[in-house]
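Next up is one chain by itself, shown in structure tokens, the form predicted on its own.
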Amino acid sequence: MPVKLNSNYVKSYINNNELVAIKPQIEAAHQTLMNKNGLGNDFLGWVNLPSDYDKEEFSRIKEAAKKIQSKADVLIVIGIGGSYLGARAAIELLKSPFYNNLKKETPDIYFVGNNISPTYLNEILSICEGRDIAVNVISKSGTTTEPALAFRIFKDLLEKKYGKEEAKERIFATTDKSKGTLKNLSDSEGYETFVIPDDIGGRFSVLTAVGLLPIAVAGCDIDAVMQGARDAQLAFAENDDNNDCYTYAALRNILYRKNKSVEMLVTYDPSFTLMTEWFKQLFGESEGKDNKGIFPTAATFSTDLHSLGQFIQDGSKIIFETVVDIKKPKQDLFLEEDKENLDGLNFLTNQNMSVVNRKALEGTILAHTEGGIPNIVLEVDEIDEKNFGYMVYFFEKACAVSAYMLGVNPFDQPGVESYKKNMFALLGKPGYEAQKAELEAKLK
């Protein structure tokens, strides 16, 4: 199994009676999810059985990826939140955090529209100078501030560089299938469009055109990605004792009720770091409602052991860890013995560095569990496209079930709108005049 739950290090905190007692809540969450979505309408994107995803759209994604690869030195992906994070995480995991430096036959890929920093945008613009560019703009509506501003800038850049006719061949829009500002603009300008399926939030969208187009441009095998996700859908379809996805959701809810209100997703592979960022959005935006929810955070060890290790070991006991244990690294490095041994590290030599990393993982798990920090371990065979798709499905379904067990709706995000209203008012957006004066008075 590509993702296997190891609960050995949490058994001293959770007994079997507690797992038995929570089973009716797991079943209720399972039924809610099934009633909401049905067997052929999976909320997780295009992983639909028995009808499968939209094969025509999927084929167009692969053709568009080839077109971008042939026409562009640089692909600019414009999106925010889950609309860019899943794809960026996938590329770093499947290729490398140094993808732009190491790739050979595919374009550089840069992500914008996820912040409002003028410095960030100017630096990306300088990277584009003298190079052929394509743009993939991702937005359900086309009016979200950060990506809309970025698209305005890069649309203008392409039209000035290539003219409107050629620019439209270099702009690919992933948006609503029938409505919205970006859809209307795309239809009028002649951009090729791909669909953000209805009722799928950005954080759940990596297995749709939202994530798959940039992932394909990077040279990843999206057929294998979807095969892995379908395998996971079949593996976790039934609520039984072998469903590790549901067991993970149950364990985190039991720990939450024991005042473990912070979950730290831990990796020992730097290429997984952006996956932890996607995890934070997935669980934070899905569960943090009605004054409930487990706060999602993350760490990359051993790096963060030198900054967070003290707190985890000896600080307040509000944390539990979920460790992603990747059994086989993409590459290994043999450690040669040094005759002088000035640094005293010859005891680590004559073996692969992955062995050292594993002992760090094992030693840290033992130290933290003995220090009062429960550890859930998710064992992953290796990193490839199939396992990536499987892992995405695992986390997304676990998140949905866990949220229902908490008593919240995993598919909305009402709290996100509060800051937007304040920002619009302070920026002077029409219709927010009264609120603007009120907020400015509070800031004085």
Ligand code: PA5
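In case it trips you up, residue 1 is the first one in the sequence shown, and so on. Every value quoted in this text rests on a predicted model; they were computed, and no experiment measured them.
Not on display, but discussed next: the form predicted in complex with this ligand.
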*155, 140, 368, 260: which sits within 4.5 Å of this ligand in the model of the complex by any heavy atom?*
140
*Listed residue that, although this ligand is not shown, lies within 4.5 Å of it in the model of the complex (heavy atoms), from 252, 203, 170, 88*: 203
*Tell me, yes or no, whether residue 267 is in contact with this ligand in the model of the complex, where a contact means a heavy atom of each within 4.5 Å.*
no
*Even though this ligand is not shown here, does residue 281 get within 4.5 Å of it in the model of the complex, heavy atoms only?*
yes
_Close approach of residue 80 to this ligand in the model of the complex, 4.5 Å, heavy atom_ = yes
*Is there a heavy atom of residue 114 no more than 4.5 Å from a heavy atom of this ligand in the model of the complex?*
no
*Hey, of 353 to 361, 160 to 168, 281 to 289, 334 to 342, which bit sits against this ligand in the model of the complex at 4.5 Å between non-hydrogen atoms?*
281 to 289
*Can you tell me which bits of 351 to 365 touch this ligand in the model of the complex, meaning any heavy atom within 4.5 Å?*
none
